[in-house]
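Read the single chain below, which is given as structure tokens and is the form predicted alone.
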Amino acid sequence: MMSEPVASHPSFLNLNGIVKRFGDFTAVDGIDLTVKQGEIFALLGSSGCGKSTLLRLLGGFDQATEGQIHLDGECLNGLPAEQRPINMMFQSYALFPHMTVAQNLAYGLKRAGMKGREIAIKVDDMLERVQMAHLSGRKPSQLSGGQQQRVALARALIKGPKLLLLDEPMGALDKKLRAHMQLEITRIIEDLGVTCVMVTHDQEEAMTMADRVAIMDAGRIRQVGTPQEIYEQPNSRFVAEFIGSVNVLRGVVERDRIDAVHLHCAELSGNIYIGHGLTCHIGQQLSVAIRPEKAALSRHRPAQSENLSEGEIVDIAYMGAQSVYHVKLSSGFVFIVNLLNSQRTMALPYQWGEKVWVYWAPDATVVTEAQ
């Protein structure tokens, strides 16, 4: 979601050298991370990368083997979950089935020693914020998945935590409802100004909801940035291939100018032109990435002499809003091109088996690795 940038507050949540070992296995391996106050921050990675373990360390459900966690200047090391100013919304929602919506929200306030009238005011206010006031008397089994999720979020927020943790928040919802609830939950969190760390393996979810994203792999953070930075400027081949679809080519530096670099690429049987300077040298090997939507197709050879290659369309995937073309180049490399289906027609602009040219602009090329 393209939201307003988070204000430049000093770091609110600080993780320094966090390590978590289970016997001989290191699940989290030396994490350094800062999160700003009011920020929605996503930990994104595949299963087993360490993101859920890191979330449990923040929540106090596990303790770090090494390192320190500070929240709003307070060291959380050694504090159990119930003593931390943190609440978590679990993927399963964990609502009490025998209680009404209002009773589910009131439960934690009663445990904290709050009195009846004060509880009622807080519950009513939070139900209004999540648009569930009209269903306050229902039990969880009488609610839809999206409604249960709102109740779970309200319960996690009602005590005013300094930090909200979301564990795969959309995992139990179908795709259409998930897309709606991503925006709805983000709105609620931003309206309340709560700092939030969420864990997800869903790229779309992270890109839609988070102000910044950390890509995790094998217990380490590979890159931190805004969704746009992560997608448009990946710092490694791993990140480029993890986020979305990408064409990764290898080339050898032939010319190194102040404002441009020219590579010879065997997969293209030609040259790659990068329209900006790099710190490299003649003969150096580079890996570069081109997103499929940054490339184009033509039946006729484009006027440019670099960043192009001829091939044959060997597969087409019609996705509704766009079509994905797989073009096999003479080298055998299959180059992927996404074209927007902007015209309402049954006929695709290019067909299986057709000879086409693949080409792209110099500024579409991103260097991911240097060897």
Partner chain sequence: MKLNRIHWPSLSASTMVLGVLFLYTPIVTLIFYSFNGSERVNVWSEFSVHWYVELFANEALMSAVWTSLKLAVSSATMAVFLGTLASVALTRCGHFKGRYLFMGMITAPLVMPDVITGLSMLLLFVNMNELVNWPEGRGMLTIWIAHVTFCMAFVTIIISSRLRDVDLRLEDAARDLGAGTLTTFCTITLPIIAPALIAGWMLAFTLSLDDLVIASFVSGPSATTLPMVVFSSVRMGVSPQINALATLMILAVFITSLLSYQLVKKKAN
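Since the model is a prediction, treat every value here as computed from it, not as a measurement. Positions refer to the first chain, counted from 1.
The same protein also exists as the form predicted together with its partner chain; that form is not shown, yet it is the one meant from here on.
*Verify the flagged residues Ile86, Gln91 and Lys159 against its partner chain in the model of the complex: is each one within 4.5 Å by a non-hydrogen atom?*
Yes, all three are in contact.
*Here the chain is shown alone; which of Arg257, Arg117, His98, Lys176 has a heavy atom within 4.5 Å of its partner chain in the model of the complex?*
Contact check passes for His98.
*What is the one choice in Ala218, Val248, Ala81, Leu143 with a heavy atom within 4.5 Å of its partner chain in the model of the complex?*
In short, Ala81.
_Any non-hydrogen atom of Phe333 within 4.5 angstroms of its partner chain in the model of the complex_ = Although its partner chain is absent here, Phe333 would stay clear of it in the model of the complex, with no heavy atoms inside 4.5 Å.
*Using a 4.5 Å heavy atom cut-off, state whether Arg111 contacts its partner chain in the model of the complex.*
Arg111: yes, in contact with its partner chain in the model of the complex.
*Give a yes/no on whether Arg155 approaches its partner chain to within 4.5 Å in the model of the complex, heavy atoms considered.*
Heavy-atom contact with its partner chain at 4.5 Å: present for Arg155.
*Hey, in the model of the complex, does Tyr273 get a heavy atom within 4.5 angstroms of its partner chain?*
Tyr273: no, not in contact with its partner chain in the model of the complex.
*Can you check 305-313, 35-43, 59-67, 334-342 and let me know which stretch has heavy atoms within 4.5 Å of its partner chain in the model of the complex?*
Answer to the contact question: 59-67.
*Output the sequence-ordered list of residues from 209-234 with at least one heavy atom within 4.5 Å of its partner chain in the model of the complex.*
Nothing in the stretch sits within 4.5 Å of the partner.
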